[in-house]
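In structure tokens, the next block holds one chain alone, the form predicted on its own.
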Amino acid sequence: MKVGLVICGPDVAYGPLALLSGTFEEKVQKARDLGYDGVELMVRDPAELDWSHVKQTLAQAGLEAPQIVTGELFGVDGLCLITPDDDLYQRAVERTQAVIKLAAFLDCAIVNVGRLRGRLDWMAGYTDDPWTLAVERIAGIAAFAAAHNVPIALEPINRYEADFIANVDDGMRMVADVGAANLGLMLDLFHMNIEDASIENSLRAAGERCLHVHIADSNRRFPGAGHLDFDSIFATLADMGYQGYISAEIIPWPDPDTAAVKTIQYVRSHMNGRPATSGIR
């Protein structure tokens, strides 16, 4: 397993769950110096990015971009796939396709679909079967991504933030209904702690469809600041043969840099079974 964290891309001024301070280049360098394997990029509009510079900055630091996070497409611009507004839907599709092309350019990035998917209850009066409409629209995104060799990772989100795909069972139902080989799940321990009866059993149920894991403790702070049993969670992932990323998407408490340091120290210690002594190199 590799360890990552979410940082803001150059087109995002602030991300509520992103870590590290400074310019984009400084954040990448800090992540490298701390010993992270990769950085997830929280982006808003790929048209505002210098793609070659982003790729070169990561390459010079020896870091991967394991996932592109799309929450700010919804959070800042209000774009979503499940909406009765056809113009909004088309703009959401176009922006999502641009993100997919960026992911392909960066070679190894998954594209995450969380809040970007929208809500089923917005479809009242538009369709009698909003789930089927969601399947069709997610299938369209997955097909476009497949043509660019990019995986799509649906994120189950707790009931207080979304109204469908709340847990692994819901996510696996959508994956099955869409039937796309490049569609899987991005599992976030914070949401799982609310919605899944057993984090470990749900991870096992996702199996090979678990493409990426976001780590946060029960209070959404850095691992070790709450009550989740990370030893059991990491052991489960190891037993599954999971070889992807465990990546921090957490509240930047007490500040973005300290949270990043605390995360890598805790994760390296518990993954390797020995106390961590590393800090910024």
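Heads up: residue numbers just count along the shown sequence, starting at 1. All of these numbers come straight from a predicted model, not from anything done at the bench.
A second form of this protein, the form predicted together with ligand LER, is not displayed here; the remarks below concern that form.
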What stretch, of 183-191, 145-153, 199-207, 93-101, brings heavy atoms to within 4.5 Å of ligand LER in the model of the complex?
-> 183-191
Since exactly one of 161, 121, 107, 169 fits, which has a heavy atom within 4.5 Å of ligand LER in the model of the complex?
-> 161
Is there a non-hydrogen atom of residue 221 within 4.5 angstroms of a non-hydrogen atom of ligand LER in the model of the complex?
-> no
Contact test in the model of the complex: residue 137 vs ligand LER, heavy atoms, 4.5 Å = no
Just to confirm, residue 214 within 4.5 Å of ligand LER in the model of the complex by heavy atoms?
-> yes
Would residue 261 sit within 4.5 Å of ligand LER in the model of the complex, counting heavy atoms only?
-> no
For 242-269: residues with a non-hydrogen atom within 4.5 angstroms of ligand LER in the model of the complex?
-> 249
